[in-house]
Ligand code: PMV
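Quick heads-up: it's one chain on its own, the form predicted on its own, in structure tokens.
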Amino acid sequence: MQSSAKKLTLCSSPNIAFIKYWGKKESTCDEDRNIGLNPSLSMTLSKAQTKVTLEASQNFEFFIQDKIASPKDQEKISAHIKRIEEYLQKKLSPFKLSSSNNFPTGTGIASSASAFSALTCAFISWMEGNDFLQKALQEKTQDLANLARRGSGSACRSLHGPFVEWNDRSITLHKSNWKLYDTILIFSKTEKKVSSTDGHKFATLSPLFKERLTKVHDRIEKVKKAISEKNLQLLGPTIEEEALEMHEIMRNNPHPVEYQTEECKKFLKEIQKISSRDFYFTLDAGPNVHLISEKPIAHLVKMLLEKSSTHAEIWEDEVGSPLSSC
């Protein structure tokens, strides 16, 4: 994190949910936006980052990936500025905002989580300074989590790490020195046709959704136990079951959605044939596979891709801190 009177730069990393935030409560006001129907638990990454830079300007200007932000994105950013202003009871001075990801956007790698985590912290730091921000992250944890959550639900989990549980309006930090790796297989960089926002709505219409809600609390407890014991053999099957169920719910509803590509499906079938594994998969709302392990496995992944006759870009990441210098 770097800052000066006229310029500030901050980075935040996405998180991969072991237990998914999928399905939202109905909201009647902005304060109730993006509250999950079930608790979720995630691992914050480190190498994938959203970089946000604010520079003093005569007018508010918003750029994403070096292009003028779309009207939809400008509306989202402006709404978030208003939330921060209301929280701090101050008006933001005008700035030029530049936001960019060093990983593909809108493909199931939680780009909105890192974006709104970074924006929340950048706006607060711009107004009040970095010392104020760091103190607020420690002492006003729930306040900042709720601000970020209103921009994008899972952003509340990207404010902290390494493992964060989110339930309704509160987050719980699970501290651990468990070194986990996330080897991400990028089967497609094409932005998904059905957004996560629509996916949340469609999921609740599935006949499988109510049954899912009866299983989530047990899975949360298993993941927490796995983190506490550093037990990959307990964590792995739990997160795989959770991910497969999420995608099955999307296929089985009045608005069927298929997030997985054919190559993604082929690869998953190939690794599920392996009787004894020291890595396990999960997926978010996209075709890209996250392989969780206790050691780097890129060399093994390349062999498995060849064996399954599939092609993917490999991104090697690992558990890390949520906010960092860029």
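No experiment lies behind these values; they were computed from the predicted model shown. When you see a residue number, it is the position in the sequence shown, counting from 1.
What follows is about the form predicted in complex with this ligand, which we do not show.
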This ligand contact in the model of the complex: S154, any heavy atom under 4.5 Å:
yes
How about A17 - does it come within 4.5 Å of this ligand in the model of the complex, if we only consider non-hydrogen atoms?
yes
Classify T238 as contacting or not contacting this ligand in the model of the complex by the rule of any non-hydrogen atom within 4.5 angstroms, answering yes or no.
no
In the model of the complex, does H200 have a heavy atom within 4.5 Å of this ligand?
yes
Identify, from the list V289, A48, A285, V52, the residue with a heavy atom within 4.5 Å of this ligand in the model of the complex.
A285
Work out which of Q74, T183, N130, S112 lies within 4.5 Å of this ligand in the model of the complex, going by heavy atoms.
S112
Answer range among 146 to 154, 120 to 128, 84 to 92, 216 to 224 for contact with this ligand, defined in the model of the complex as heavy atoms within 4.5 Å:
146 to 154
